[in-house]
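Heads up, the chain below is alone and in the form predicted on its own; it's given as structure tokens.
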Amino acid sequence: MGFRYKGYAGKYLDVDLDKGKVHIKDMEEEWALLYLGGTGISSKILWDRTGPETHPLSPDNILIVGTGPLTGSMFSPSGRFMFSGMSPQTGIWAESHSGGFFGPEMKYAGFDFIILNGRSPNPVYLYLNDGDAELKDASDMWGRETDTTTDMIREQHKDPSIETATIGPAGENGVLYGCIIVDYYRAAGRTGLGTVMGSKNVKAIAASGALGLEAHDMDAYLEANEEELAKVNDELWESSIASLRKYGTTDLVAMINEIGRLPTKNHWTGFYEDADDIGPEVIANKYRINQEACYGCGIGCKYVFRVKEGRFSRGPTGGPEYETLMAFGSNCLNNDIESIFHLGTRCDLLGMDTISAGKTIGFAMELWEKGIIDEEDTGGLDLSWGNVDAMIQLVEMIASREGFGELLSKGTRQAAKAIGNDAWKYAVHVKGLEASGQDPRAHQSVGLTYATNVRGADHLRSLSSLEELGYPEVINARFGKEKFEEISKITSPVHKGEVIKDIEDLYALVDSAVICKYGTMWPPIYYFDTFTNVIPPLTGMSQWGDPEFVRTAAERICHLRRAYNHRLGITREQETLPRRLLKEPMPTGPAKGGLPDLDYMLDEYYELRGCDKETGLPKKDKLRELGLEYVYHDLARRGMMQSY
């Protein structure tokens, strides 16, 4: 008998790497109904299988590869999938998503989820094909860069259509922010899950499938899809969609610099005078040669560039995205755009997160400026701001963990601790994850997003574009006209707890379905009604047609992820911001003088989230309301629920 709900492949893989055994299992109905897919189901699996006793790089940690019911469906966009596990970089919850074509191919190969357990004695890769799965020898691929590995797998199977997710030397060598590269240059970048994969001696996962998917009611699902696609073409989003199609995310360099929150000089300020040198126009006019889209996407924000001549000449390749331009550009006072292309591409080939790599190098450059480190520490490297040669050498040294690169391979939190003195003052991270390309001194709600994010200083769990980019119709519809004035003020903390809680819930569904943030974050087209519209006809889960059920499911996923971190010791004390972003007023630019009022926003957020304001821990009644009694009992057993 097949899986009860449609839209799913109906099977998952439980891989015992210690024994080299692959077990094909039926999907759990309760997982789909209560947690939907992707992030939601991963949170349940991680809660059950790992905990405080688990070391992120031990065989006991697991690496989950997950899709959602919308992955590989005809919904636009539906090309995404995700990885999750315990992060070696932060020691807490980790998830990282990617677009491209691997996710749909994995479902067409017959599997919704993969759980990698243990550690293989030898390098292997996992090959999925039309309902079958096997571990294959990867000894000759170990040490290879990500593009070569992909080529070798395709040549080995004589199938150029195989989709891959592979690690590079950084993940093999234990760089704490090693990532997983999908389809050559799309990255599941953050939190070091490529290093978890490397610790298991797994070089890659490859998928090829033609099994297809079924819908519960195809006619109704097609009708719902057409209704949602019509929203994308509404004139309200015309300029935002046009920007994404013309520039991709590179447009954010100009837009964010204009409001003074483009991280510059290791977050010293939010305004970069040379932003035009690394911005959208120069890339579009001089280097961009083609446009791309992930599977099933009606927006198409990806592009292909080429550097025709010179030191950094390179044939066609993908990217870079806004975050890479920021991390190796304004963050390091580097306005040499061709060097940024090179640095981003090298990180992709080496399998290393560009945000953490660029931010860690920027951190080291500030320590050099302050005289906290010198040539004796760096092995002779001159880390003056914008020194491109030093940045290029450091990227290679970090990936191989050689010389000064060994220290920086651990990220800013651990590097600052090892260096000592005042180094901690310049380490811009939350919970161990380097800050992405936002600054809360110019955009209050970013501060709350960073502080409460379950994976650290990152924008992809609850960043609000409503007040930043100005969507008055959306603010009024979602929160009421009486709150419009305060919510629309980017520098006001008022009602931001409500906004961030609402968006965090929404993104929990986006990451469980699994679809792209473009269409929900920017522009804010899809909302909770999208899920009540498309999930029931696709899956047959009629409960997902009830708006209250959908809202409850979103909260359940958010609380379960938060509880996972609570069990690892995270409370309100850790839900804070680095000194620079909390105590140093913005020194220059349009947001000059700005500071976030974090305590005000946290109090409102905890109240609405159903958490205790003093500790940030969930209240007993809230967990019971969400059907998370098992979470309550576990936390109570550990003495974490006694006062609630």
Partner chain sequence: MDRKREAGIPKKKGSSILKKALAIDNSRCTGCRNCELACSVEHTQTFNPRRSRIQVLKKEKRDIIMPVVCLQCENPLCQEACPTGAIHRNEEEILTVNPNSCIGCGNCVNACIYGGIAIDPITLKAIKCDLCGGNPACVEACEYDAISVVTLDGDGLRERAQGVGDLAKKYGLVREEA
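Nothing here was measured: the structure is a model prediction, and the numbers come from that model. Residue numbers count along the first chain shown, from 1.
Below, we refer to the form predicted in complex with its partner chain, which is not included among the displayed structures.
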Item to complete: Classify residue 298 as contacting or not contacting its partner chain in the predicted bound form by the rule of any non-hydrogen atom within 4.5 angstroms, answering yes or no.
Response: yes
Worksheet item: If you check in the predicted bound form, is residue 209 within 4.5 Å of its partner chain, heavy atoms only?
Response: yes
Discussion item. My question is simply whether residue 323 lines the interface with its partner chain in the predicted bound form - judged by any non-hydrogen atom within 4.5 Å.
Written reply: no
Worksheet entry | is_contact(residue 316, its partner chain) in the predicted bound form, heavy atom dist at most 4.5 Å | yes
Fill in: Which of 213 to 221, 431 to 439, 351 to 359, 329 to 337 sits within 4.5 Å of its partner chain in the predicted bound form, heavy atom basis
213 to 221
Worksheet entry | Among the candidates 511, 105, 504, 112, the residue which, in the predicted bound form, approaches its partner chain to within 4.5 Å (heavy atoms) | 105
Worksheet item: its partner chain isn't shown here, but in the predicted bound form which of 517, 425, 245, 478 has a heavy atom within 4.5 Å of it?
Response: 245
Worksheet item: What residues of 124 to 145, in sequence order, lie within 4.5 Å of its partner chain in the predicted bound form by heavy atom?
Response: none
